[in-house]
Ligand code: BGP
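The data below hold one chain only, encoded as structure tokens and taken in the form predicted alone.
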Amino acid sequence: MSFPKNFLWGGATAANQCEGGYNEGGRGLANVDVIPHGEDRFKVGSGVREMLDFEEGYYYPAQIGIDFYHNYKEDIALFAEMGFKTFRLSIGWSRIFPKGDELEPNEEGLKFYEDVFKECQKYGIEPLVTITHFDLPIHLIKEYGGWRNRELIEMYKRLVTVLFTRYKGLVKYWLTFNEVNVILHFPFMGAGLLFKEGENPKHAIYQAAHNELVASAWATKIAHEIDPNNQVGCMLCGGQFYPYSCHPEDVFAALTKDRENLMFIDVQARGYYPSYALKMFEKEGIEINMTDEDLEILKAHTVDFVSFSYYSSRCISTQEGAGTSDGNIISSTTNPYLKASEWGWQIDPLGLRITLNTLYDRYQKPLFIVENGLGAKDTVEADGSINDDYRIDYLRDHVKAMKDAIEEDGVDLLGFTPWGCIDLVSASTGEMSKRYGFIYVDRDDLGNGTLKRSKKKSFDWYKQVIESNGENLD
């Protein structure tokens, strides 16, 4: 068996990286709006540097993104031309509830997404909707302290109830929290956390994570009650850790790092905290406010499928002298057997097959690759063409790895939505020059450009991949 007939080929975006319209349609300010381009981006995203509003002297790329807010019809038509079966996009929480704690939603925001979903359905494209792709209304950070506060669980329940009710029949596939484990590395972006003096950051992070996991379980329950056809997934920032050597300490370090990330999915897919996580909390003195009702809801309402992003594998060494490589916010020991992108992200197609097998062996639930791609600088030739053969090569090798996982290993894979199917703002760096798309957007790192869309060589390549259901990769 190769790719199933109903395999969901498509592409992925996020509201905060492409939507724009930050002050239109009644939308409120969100954490993702105030994370600037430039050297302070990581400090703000990690909660070290407080920035809760726009400040003089900074450029904020999320304000406009690529202006999907005003160009969604053109963009979705291009996705349809490629043959997309699904389109992953996300909801801006502050577009639905501008402050986050209101009792009634903002109709303009609801209508915007309704129009987007209807535009998708017009072309037979199934929306795959991330409810929270890092977005959190600023008001919930200022007044409640972000996801460290249990009160946000009730607000999230209100948000998802509105979404599942309003979009019943328009949306079937939902993801609760994007890359839920990124909270460990980018806690302001991931959960709206700013650390108070004397506070134990690790305690705040794991309390916030617990509250998100409970909210995710409630969302799964509510989704199934409102529409039994709803399919709800969790989402991991994925990529297997390899031991740098066969030294037992390296092997155990790799196991430990994998567990650090997989704990989040263990809770969402299995319904309980694994013993290794409970031992870690005990050893580090982390006391989580966790109720009996929390444990019951986690156990009773696990996700229907497991989704993840995969850009590269990771490596870890306990020995001195090993170099480091970047990769989707999570640093790694450099693997000498792998090449790397212009941004230092190591390229490992076989690692995708390994990750697929690890997750499927562990959870025995359908999997969905909802992010994968190559960030690279593209050159527009004199005739307007963009010959991104390097992107085609990267994706071809990863599609082959997916095919092997299905055919040779028996992995149940629902679909594939490469990241940044249209160029958008990079989450980690805030750059536009780090391009992933099949569609080029004329905009630079400082917001200059016409925003004109144009097709890259990879556009036609991916179109034939979809037409042949993954058989024609040349």
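It should be emphasised that the depicted structure is a prediction, and the values quoted were computed from it without experimental measurement. Note that residue numbering follows the sequence shown and begins at 1.
This protein has a second form, the form predicted together with this ligand, left out of what is shown; the following refers to that one.
A single residue from the set D75, D135, D388, E371 has any heavy atom within 4.5 angstroms of this ligand in the predicted bound form; that residue is E371.
Y311 is the sole member of F87, Y113, W174, Y311 with a non-hydrogen atom within 4.5 Å of this ligand in the predicted bound form. Heavy atoms of V32 never reach within 4.5 Å of this ligand in the predicted bound form, leaving it off the interface. Interface residue remark: S46 is not counted as part of the site for this ligand in the predicted bound form, having no heavy atom within 4.5 Å. Mapping the unseen interface onto this chain, R27 falls outside it, with no heavy atom inside 4.5 Å of this ligand in the predicted bound form. At a distance threshold of 4.5 angstroms between non-hydrogen atoms, T355 is out of contact with this ligand in the predicted bound form. Figure note: of the listed segments 438 to 446, 421 to 429, 403 to 411, 46 to 54, the one touching this ligand in the predicted bound form, with heavy atoms no more than 4.5 Å away, is 421 to 429. Taking a 4.5 Å heavy atom cutoff to this ligand in the predicted bound form, the contacting residues in 164 to 201 are N178, E179.
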